[in-house]
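Just the one chain here, laid out as structure tokens, in the form predicted on its own.
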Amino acid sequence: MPFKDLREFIARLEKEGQLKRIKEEVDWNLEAGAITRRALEENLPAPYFQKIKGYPAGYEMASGILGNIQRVAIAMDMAPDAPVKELIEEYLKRKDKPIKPVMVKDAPCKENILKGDRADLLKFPVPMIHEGDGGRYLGTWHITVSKEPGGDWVNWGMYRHMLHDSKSFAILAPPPKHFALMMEKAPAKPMEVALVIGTEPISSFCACTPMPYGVSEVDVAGGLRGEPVELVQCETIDLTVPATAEIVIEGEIRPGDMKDEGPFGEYTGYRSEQRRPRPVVRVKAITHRNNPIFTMSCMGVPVDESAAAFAVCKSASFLDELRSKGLPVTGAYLVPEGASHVLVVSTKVPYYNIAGEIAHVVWGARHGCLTPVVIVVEDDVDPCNLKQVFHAMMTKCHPWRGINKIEHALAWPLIPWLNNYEREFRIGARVYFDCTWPIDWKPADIPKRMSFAEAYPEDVKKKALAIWEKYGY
């Protein structure tokens, strides 16, 4: 059964040993971030802070709640040890059966309604996450809701939000992000925005998932959950939001209203983006549950929430894109340790340079500019098994003809190896590694891999396994 809210999910994570309640007082200023970062780097249970310095009892903070693949599996109501390839295929099955949301009148997120002067962002324990960040970050694991000007399409995204003061915060959403494209359609009018913090896990998961323009993430969330998401109307703006959310912030972006934002320690594992003027969201109202739970992601050296989520949803999106072109791919994996910059694709090799064709399809996808490195392996390699992938790279990829560089490519500005000029003008480069045997080699010339599965007859393997089992292995 799908989780109805964040609180149900927290209870399940705790039951599975994937969450730890921290009852002693923790400071929102760097301390919560440091504890979370350590937990992510060591793959420890998600920290759930129950006493925040300077805030009353009942104002709590949950962090790292989708910080590994096991928690993503639990969010999808699957076994925590489900293989990543299975999660990716299950995601694709459910995504293709979207379920429309349903509207409700009474909602937990309306237990407290604060408008005008009472709408104070500092009421919540907004954390200073890393030393050197430009400020306290309000939105790091959340949903940013917006509507296409003059249309009915509602977009859910996950764009970082830096707190300016008690009544305003920034948004980073450069093109080709859907939010930026929406803003371009109505440059002379205010744009309404809702920031939703603390939803059931699949809703936040879908907010950071790449979808085609015009597709509503809330419908896909319904399909992944197996039942519709309940929505409720906002108080001061014409947007609907998840009814069981912990906190909802309603606001608007006014034309030309810009203020410096950043820098911030990002999913790449670095703080590499300059402080720049970015759009400001002015708060009109806040609604929240009693004893609201603030959710935070402490981005940094992978793996964290974005890397774990992308390993499933973006892998699935790339796999779907490749299959739609009729390519004989058997798997795709956006390696979480690679900060979303490297995709491994396994494929059959029916003709020359299929690796190049695969790479260019990946880069032609809307979200392909975030992934400048593609590794293509044969279908006898599991793309989710990095030991197998590395072995294929070091033994099948020719150092000259197997490494193919593309200059003057569109770049994503957060990529750390860009210099300031390249970052400003989004000038980058790409590379793909062909880790397949050349199609023109004779079968007798292809080296034979020496592994337990391939180097022994079936009867010998069965006997060896029986002996190992007898000795307790």
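Counting begins at 1, following the sequence as shown. Nothing here was measured: the structure is a model prediction, and the numbers come from that model.
The same protein also exists as the form predicted in complex with a small molecule; that form is not shown, yet it is the one meant from here on.
Judged by heavy atoms within 4.5 Å of the small molecule in the model of the complex, the contact stretch among the candidates 225 to 233, 392 to 400, 176 to 184, 326 to 334 is 176 to 184. Taking the partner from elsewhere, S297 is found to have a heavy atom lying within 4.5 Å of the small molecule in the model of the complex. For E217, a non-hydrogen atom is located within 4.5 Å of the small molecule in the model of the complex, even though that partner is not displayed. Although the partner is absent here, K259 is not a contact residue: none of its heavy atoms lies within 4.5 angstroms of the small molecule in the model of the complex.
The shortest heavy atom separation between S315 and the small molecule in the model of the complex exceeds 4.5 Å. In the model of the complex, every residue of the candidate spot (W156, Y159 and T209) has a heavy atom lying within 4.5 Å of the small molecule.
This chain is displayed alone, yet in the model of the complex one of T244, S346, T371, T140 has a heavy atom within 4.5 Å of the small molecule; that residue is T140.
Proximity to the small molecule in the model of the complex, taken as a non-hydrogen atom within 4.5 angstroms, holds for one residue of L172, A365, I253, A285, which is L172.
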